[in-house]
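Only one chain comes next, encoded as structure tokens, the form predicted on its own.
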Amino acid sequence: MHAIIIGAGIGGLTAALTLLRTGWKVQVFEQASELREVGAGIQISPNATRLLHRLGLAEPLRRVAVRPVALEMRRWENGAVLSRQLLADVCEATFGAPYYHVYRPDLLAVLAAALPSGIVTLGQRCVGIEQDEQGVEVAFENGTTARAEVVIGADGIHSFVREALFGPESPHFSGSIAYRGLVPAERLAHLQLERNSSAWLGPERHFVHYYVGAGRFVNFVGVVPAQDWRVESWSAQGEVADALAEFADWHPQLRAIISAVDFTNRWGLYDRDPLQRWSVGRVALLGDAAHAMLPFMAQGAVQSIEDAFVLARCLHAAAPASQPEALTRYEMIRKPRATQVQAQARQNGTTFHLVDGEAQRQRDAHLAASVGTNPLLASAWLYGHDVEAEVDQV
């Protein structure tokens, strides 16, 4: 069996590994001229790390990742701790897999290194897809073509494959943008930052920082209301002075982190309303192409990893003639969960940005009520879920 994957991001490369694991021949075509991941930090929760470990990636992941001690929520102006959820050993004991912070390029490099040579072809922009009962032909901008039994569109929020299947549509703008940056850790040594995931909540804004790159860098993301900026790009240049101005009245620690960065990027935050379908015949979508979501659950890449494992399990059990039905089964299994995470991410965008007042005080009281408990248990539906086991039950 032969599958073509369009897109060599985290979801596309994971899908290549999971399909190879089940005996499929795989080709990955990427429009960029080099294999690279833009962006900075990424959080990989136990529902994904347990899966990546099954691909034999436990040791390379451990070498590049940071295992955070805790997830903290803090008050914007004075740093008061609203809640503290232990991770590290507590998370592994609860869910049987670690919670990691990873530099996105490091994760992509780990995935790419696990693939045999010749799997990924760069500089190939997909411009056409045609299918018949036996397979799918993909056309590229340079005039070449490729054919396989199945094609997977893992080509992101602006997916060509999705548009080819369902027609053009516009993503949903959240009303927020994010300033993001990466600071060498030694520049912030005087702050004595713990190895936590720290989220500072304030009026119409929030700010997150944590270590990545095996502790070499501090990654930060500051989410603020949008004015006239709506560019959906990880790499659009921002101004450090503008980021500082957005957090002018916030705690000095945050301003120290922003001030230490060499440059910052601005990123318009978009998601998409849930699609009615993820597949047509022998072509299916994966990751952001299927369910682009806001980053307020730290689940975008994680959900694409879950997609890849379910996709491979469904196709592994399918005879050639029933492969379209296998893609429908993949969609049936994955869509409810991904849609739930999308919705929760949108809700968090509201909850995190409450202006000071009664609703904010109720939120903070709810966070404080978790102190002394194991709030991870409330996340069991997310972190404790094993998608491969789910396939066997459906």
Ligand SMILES: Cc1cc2nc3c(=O)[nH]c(=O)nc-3n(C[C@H](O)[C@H](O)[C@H](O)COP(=O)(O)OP(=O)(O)OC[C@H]3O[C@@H](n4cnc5c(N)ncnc54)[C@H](O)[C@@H]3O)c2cc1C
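A quick note: this is a predicted structure, and the numbers were derived from the prediction, not measured. Numbers for residues come from their place in the sequence shown, where the first is 1.
One more form of this protein exists, namely the form predicted together with the ligand; it is left out here, but the text below deals with it.
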Checklist entry - Given that the partner is absent here, does residue 342 sit within 4.5 Å of the ligand in the predicted complex, heavy atoms only? => result no
Checklist entry - Heavy atom to heavy atom, is residue 42 within 4.5 Å of the ligand in the predicted complex? => result yes
Item to check | Interface membership of residue 193, the ligand in the predicted complex, 4.5 Å heavy atom rule | outcome: no
Checklist entry - Is there a heavy atom of residue 288 no more than 4.5 Å from a heavy atom of the ligand in the predicted complex? => result yes
Next on the checklist: Which is the contacting stretch out of 181-189, 300-308, 167-175, 272-280, given heavy atoms within 4.5 Å of the ligand in the predicted complex?
Outcome noted: 300-308
Next on the checklist: By the heavy atom within 4.5 Å rule, which residue out of 312, 154, 151, 243 makes contact with the ligand in the predicted complex?
Outcome noted: 154
Checklist entry - the ligand isn't shown here, but in the predicted complex which of 202, 98, 295, 213 has a heavy atom within 4.5 Å of it? => result 295
Checklist outcome for this item: Within 1-20, the residues having any heavy atom within 4.5 Å of the ligand in the predicted complex are 6, 7, 8, 9, 10, 11, 12
